[in-house]
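Given as C-alpha cells, the chain that follows is alone and in the form predicted on its own.
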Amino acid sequence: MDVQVAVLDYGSQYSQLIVRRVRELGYYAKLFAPESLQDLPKMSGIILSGGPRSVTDEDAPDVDFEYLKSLGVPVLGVCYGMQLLNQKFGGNLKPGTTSEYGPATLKVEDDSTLFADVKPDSQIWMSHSDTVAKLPEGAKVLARNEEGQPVSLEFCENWYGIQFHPEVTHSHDGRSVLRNYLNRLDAPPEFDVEAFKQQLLKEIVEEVGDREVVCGVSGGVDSTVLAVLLHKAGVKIHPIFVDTGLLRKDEAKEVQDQFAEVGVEIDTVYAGEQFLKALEGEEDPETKRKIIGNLFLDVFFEHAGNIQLFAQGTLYPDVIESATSGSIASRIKTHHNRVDRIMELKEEGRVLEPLAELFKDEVRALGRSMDIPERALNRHPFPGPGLAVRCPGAVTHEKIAILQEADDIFISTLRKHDWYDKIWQACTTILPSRSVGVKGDVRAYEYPITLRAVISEDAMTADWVEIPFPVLREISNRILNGVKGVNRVLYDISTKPPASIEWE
C-alpha cells in the first residue's frame, strides 16, 4: 500500500494523531522526519505538524522550502507548521502577550476551502506561544480567534496554514477541516483496516522468516491482537504471560481463559515476589518504570532461553510519550516497552512491533477483522507496569492488596450499571499519604483512594466522565465498607492535558 500523505514531524505530541485522523478519512498517511523530505516517494499531500519550538529560535527545525514547492501537491501547516510556512512565504511572527493553551473560538471569514461545513463559533484547541505579526504578500486570512488574531491562512492555491490542532477531539470541527484539505488532493482515498492487515501479515512473514518469536502477552487489547496477528501470519510464536504480582484481582486466570478462547496457547510465569522485592522502598516513578521494564525482560530471557525475536504490542502513544519516535518531542514518561534494554534490542534488530504505528481504536478495528471477541477488544487499557503506576510512592503488598479490592469494586459496579463500555479507561489510585477519619467511633488513620474514569479516542487527550452521583455513591460506600485500610474516596475530574490518565 503506497503512502498518500506524508506528515512531517516537528515534535508535537499530536503528530501521530494527525496521521490517525487522515487514515480515518481514508488516506494512507505516515510520519516522516522533515529532513527526509527529498527521500520520500511521490506523495499526494504534505502536512507539516506542530511542535514545541519557536520558528524564531536560532536552531529551529526547518524545511526545504524550494523542494517542497517543486512537488506541486497541496500543503497544510498545523500550528508550528503554519508559523514556518508564514515565515517561508515572507511573513513574520511575534511572541504572544500570553501563551494560548486550551479551547478557543473559531471565527471563519472565508468558508470556500478549509472551512466548508464548519459550524459558526466552533471550538478549536490551541497550543502555541507565537502569533502572526505580518502576513506574506498575497496571503488571505481564512479565520481568526475571538481576539482577532489570524488562526488560518491561505498562502497561495492549495497551500494552507492553521494555528490550532484539528487532530484533537477538542477541536470540534477539526475532522471537517482535515477532510476539506484532503479533498484538495489529486487522489482517491485508499486506506482501510482489511488492506492494512494484509500488509502487516506480509511484513511479519518477511521480517520473521524462520525465526521464533517470543511474544509478550498481558491479556490487554494490544497484546491479544498482537498474538492473534502473529498466529494468523503463521510464524513460530512462544507467547509468555508474566504474572508480576501487580495485576488486578483474579486477572491471571482471566488472561489464561481469554487466550484459550482465541486459540493461542500461552506460557505463564509467576514472578510476583520478584517484582515486589525489586520495587521495595523505591518512590521515583521513572525509576519504578525502569525497574519493572528491566525485570520483565530478565524474566523473559531466563524463561525463554535464546530469544531470536521479541514481540510486544507497543502502540504509538507509548512511542510519542517516551520521545523515542525519532522526533524532537519532549519526553513525558518512559513506558515499560521503551526502557534502555528494549532500545538496545531494537538496535540489534531483535524487536518486533507490528502495531507501533496504530492507536487503540485502530487496534480494536484490526482485532474485529480477525474475529477476536468483543469482550477482549473492549477491555479498558491497563498499563504495562500494572498497579505500580497507580501507587504513587513506595509499592507494598498492603497497597497492592488495597488497590486490587478497590479496583474490583469500581469495575464491577460500573459493569452492573452498564457504564463500563461507555468509558475509555477507569482506574483506581492509592495516594501516598494517609488521612484522618472515623470508623466505629474510633480514629482511623488510613489511605485515600482516588477513582478516575475518562473518555478518549486515542489516549492523547481525555476528558473525565460524569458518572451519575448514585453510582459514585454506591462505589464509595462499597469501598469504604469493604476494603480495609481506606477511609476516604475521591473522584478525579482532571482532563488530559494537563493531567495524564494515570497518576504515574
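Heads up: residue numbers just count along the shown sequence, starting at 1. Please read all numbers here as calculations on a predicted model, not as lab measurements.
Absent from the display: the form predicted in complex with a small molecule. The rest refers to it.
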{"item": "The single option of Thr268, Ser369, Gln425, Asn145 touching the small molecule in the predicted bound form, heavy atom within 4.5 Å", "value": "Gln425"}
{"item": "Residue among Gly384, Gly216, Gly77, Pro166 with a heavy atom within 4.5 Å of the small molecule in the predicted bound form", "value": "Gly384"}
{"item": "Interface segment, criterion being heavy atoms within 4.5 Å of the small molecule in the predicted bound form, picked from 376-384, 199-207, 102-110, 273-281", "value": "376-384"}
{"item": "Non-hydrogen atom contact Lys360 with the small molecule in the predicted bound form at 4.5 angstroms", "value": "no"}
{"item": "Val3 within 4.5 Å of the small molecule in the predicted bound form, heavy atoms", "value": "no"}
{"item": "In the predicted bound form, Arg488 touching the small molecule (heavy atom, 4.5 Å)", "value": "no"}
{"item": "Partner contact for Ala29 in the predicted bound form: the small molecule, 4.5 angstroms, heavy atom", "value": "no"}
